[in-house]
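One chain comes next, on its own, written out as structure tokens in the form predicted alone.
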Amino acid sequence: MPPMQSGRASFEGAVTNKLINFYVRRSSVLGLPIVEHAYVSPTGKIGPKQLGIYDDSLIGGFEKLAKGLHEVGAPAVVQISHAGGVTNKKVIGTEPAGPSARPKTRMLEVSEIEAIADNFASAAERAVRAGFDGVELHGAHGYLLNQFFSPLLNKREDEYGGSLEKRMRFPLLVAEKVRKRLDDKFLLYRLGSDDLAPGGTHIEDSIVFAKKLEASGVDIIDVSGGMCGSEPKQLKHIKGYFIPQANEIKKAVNVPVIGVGGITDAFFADKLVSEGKVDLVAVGRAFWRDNLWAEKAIQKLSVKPIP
């Protein structure tokens, strides 16, 4: 189950019983529930009641969440994020900042970039202290790591912008710092593989990036959309609309790859794995609508088709 913001945290970003129940009810037969994105710094919050992991005072709630998932036999992984230039002043109380200056957004200084990388590392350490089995870095859907990777938003002319190598520098710095804090825990990266826009990120860039992520210690690559978001209008009619990108990345790396994209049918999901297109399939909105989706999928797939 991929991370989907549920709006069930407190206004301060704390885990609530309502949020714990949301995940526990859906996870008893899940191979990998990924808890919704938690912001690593108050300046990276995208909206009210978003989960937060920016302070040690929040660890207690994450301990209860990890315990609840483990008690039903599921691993506990949480996505950590920073919204960068796509948050707004009303939410964070100060001017948003991103890789480059834009209307209502200022450019991050190099010292701030390095501080945010440390924020990610500290957030990962909190997850480990709370008993989580891993974290996923949110590098898709127009969030800060994705903003640096995409030439649509990264117009910098220093060591963090310009060429593909320089646009990858900040996300890779974050991955390396987080890896050091995780010990033997899992590190996932949600990769915004395609901006679906002229002049934006394309699959060839993402293949290069995926190889670099693997070399930096990423254990699983979770392939989704870039600046186009998680549900691009031009692809919504296609079943498994980011599977082609995931398959291209799978061909280029040795770590497991997750595919996603409006997948609701158990037989289709199973076929993607059995044919080797991807290693894992993420089912999002179907889980949102039906917390028993996984149980029903198992029942359907256990019935042998008539020859």
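If you're wondering where the values come from, they're calculated on a predicted model, not measured in any experiment. In this text, residue numbers run from 1 along the sequence as written.
Not pictured, yet referred to below: the form predicted in complex with a small molecule.
*Asks:* Report whether the minimum heavy atom distance between Ala14 and the small molecule in the predicted bound form is within 4.5 Å.
*Replies:* Answer no; every heavy atom of Ala14 is more than 4.5 Å from the small molecule in the predicted bound form.
*Asks:* Does the small molecule get within 4.5 angstroms of any non-hydrogen atom of Gly52 in the predicted bound form?
*Replies:* Heavy-atom contact with the small molecule at 4.5 Å: absent for Gly52.
*Asks:* Against the small molecule in the predicted bound form, would His141 count as a contact residue? Criterion: heavy atoms within 4.5 Å.
*Replies:* It does: once the small molecule is placed as it appears in the predicted bound form, His141 has a heavy atom within 4.5 Å of it.
*Asks:* In the predicted bound form, does Ser230 have a heavy atom within 4.5 Å of the small molecule?
*Replies:* Output for Ser230 is yes: heavy atoms within 4.5 Å of the small molecule.
*Asks:* Among 65 to 73, 244 to 252, 262 to 270, 24 to 32, which stretch has residues with heavy atoms no more than 4.5 Å from the small molecule in the predicted bound form?
*Replies:* It is the stretch 262 to 270.
*Asks:* Though the small molecule is not shown, can you say which of Thr87, Ser224, Asn146, Ser206 has a heavy atom within 4.5 Å of it in the predicted bound form?
*Replies:* By the 4.5 Å criterion, the partner-contacting residue is Ser224.
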